[in-house]
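Okay, here we've got a single chain as structure tokens, the form predicted alone, with questions on binding and movement later.
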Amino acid sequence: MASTAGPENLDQIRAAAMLRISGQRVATPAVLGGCALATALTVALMSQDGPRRLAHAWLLNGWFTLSISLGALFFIGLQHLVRAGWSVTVRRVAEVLGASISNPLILMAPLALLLFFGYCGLFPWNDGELVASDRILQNKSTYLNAPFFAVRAVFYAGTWVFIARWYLKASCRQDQNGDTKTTTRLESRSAPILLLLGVTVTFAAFDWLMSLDPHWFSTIFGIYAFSGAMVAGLSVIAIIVAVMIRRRITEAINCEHLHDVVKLLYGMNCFWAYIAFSQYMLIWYANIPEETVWLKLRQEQGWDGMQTILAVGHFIVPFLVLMPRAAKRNTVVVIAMSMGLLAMHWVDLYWIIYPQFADSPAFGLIEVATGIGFVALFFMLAIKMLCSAPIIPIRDPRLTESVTHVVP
């Protein structure tokens, strides 16, 4: 383990690590998010199929913001598991993003609550009459039913919130007492935590996304959701790190750290493409009706165009643009490509969710307002937490290694 003794300016870096953010910057996204969600709800109530459309938009944007936090949690666990030193100064950004998971979880809770009132506009398996006439749904009813769905949802949410808060609190506690045993404890427990995250994210993806079409199944879908979450989380981390470098918020974060974050992002995006293609290829090759029905729906009436958009925007363009070393260290390029990948992640989720609602792509004020609301409230909480903690782990025993890190 690296010594806490570091470069001459390490004390100055620690002293400057407290980032004070005005209350106005916290209040602005809160007001914006509240107004946006109220607008979406109002528009939905004024149209015939508005409530059902709002439910799909709610799930879409809820999972979008949720995946950012889940990606950040995987990043934190991975860094502790491999005892990485380079990432110490950027880890606080991930810890804050991970701890912001409570907002999308709270906002998504009404969707689970609606199931108890018999709402079946989102999940067909909650329609008693349909289940009674469908043998496949009857066979799956032991798993796909409102009470058990709610129990699983509470377990997933509780697990994620506990992990996120444990990571952040342990790191912030170390900022105060400098106890190196905290790092050892975080490292030793990250392996089971990553395993738990993998299992819960997989089953949550099965519940919230795959069961939108309860006849369809894919054993690779959990990995597909995991890879998308990693791309989303690393994209936001890369954007924040790039902005911090451009604004020179701290000397402890520089292009060396950005380079490594983008390398991880680049690799995970290639992994997403590999999993996406594998899922498509295996379904196409097997040609089993129970599996092909899901892809067939997404290759008709405009949905096939989204496949092309995802292939180009989610893989080919980032693959070519971010390949050079210089691009990974260019803050403008990184911000632009990371924002593009976030947009593509949203399109990917839209392509998964919305064909169960509309025969052809439908996009309007409900989707826009809901998206703005979820994103604004998510970052409101992230900004609020940055007010109460140093922007870097100032007493991590590997801080010196991170501050002096140079990419070979």
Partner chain sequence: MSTVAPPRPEAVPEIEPESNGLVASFNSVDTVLEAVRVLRSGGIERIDVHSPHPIHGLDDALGLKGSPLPWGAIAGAAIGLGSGIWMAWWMNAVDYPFIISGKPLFSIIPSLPIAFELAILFAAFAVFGGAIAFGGMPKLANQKFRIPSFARATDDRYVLAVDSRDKCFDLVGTRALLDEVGGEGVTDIPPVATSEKRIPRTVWMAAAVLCVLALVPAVLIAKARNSTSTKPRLSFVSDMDHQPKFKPQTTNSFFPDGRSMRPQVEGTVARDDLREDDQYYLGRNSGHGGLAANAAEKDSDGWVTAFPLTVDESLIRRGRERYQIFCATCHGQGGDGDGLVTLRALELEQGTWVKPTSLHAEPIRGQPVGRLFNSISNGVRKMPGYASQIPVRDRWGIVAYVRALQRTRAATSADVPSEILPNMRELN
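Residue numbers count along the first chain shown, from 1. Given the structure is predicted, the values throughout are model-derived calculations rather than measurements.
A second form of this protein, the form predicted together with its partner chain, is not displayed here; the remarks below concern that form.
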Q | Option from 115 to 123, 284 to 292, 177 to 185, 147 to 155 whose residues, in the model of the complex, bring a heavy atom within 4.5 Å of its partner chain | A | 284 to 292
Q) in the model of the complex, which of the listed residues (Phe203, Tyr143, Phe217, Phe277) lies with a heavy atom within 4.5 Å of its partner chain? A) Phe277
Q) Though only this chain appears here, would Ala132 touch its partner chain in the model of the complex if you measure heavy atom gaps against 4.5 Å? A) no
Q: Would you please decide whether Ala326 lies within 4.5 angstroms of its partner chain in the model of the complex, comparing each non-hydrogen atom pair?
A: no
Q.
For a quick check, can you give me the residues of 371 to 398 that have a heavy atom within 4.5 Å of its partner chain in the model of the complex?
A. none
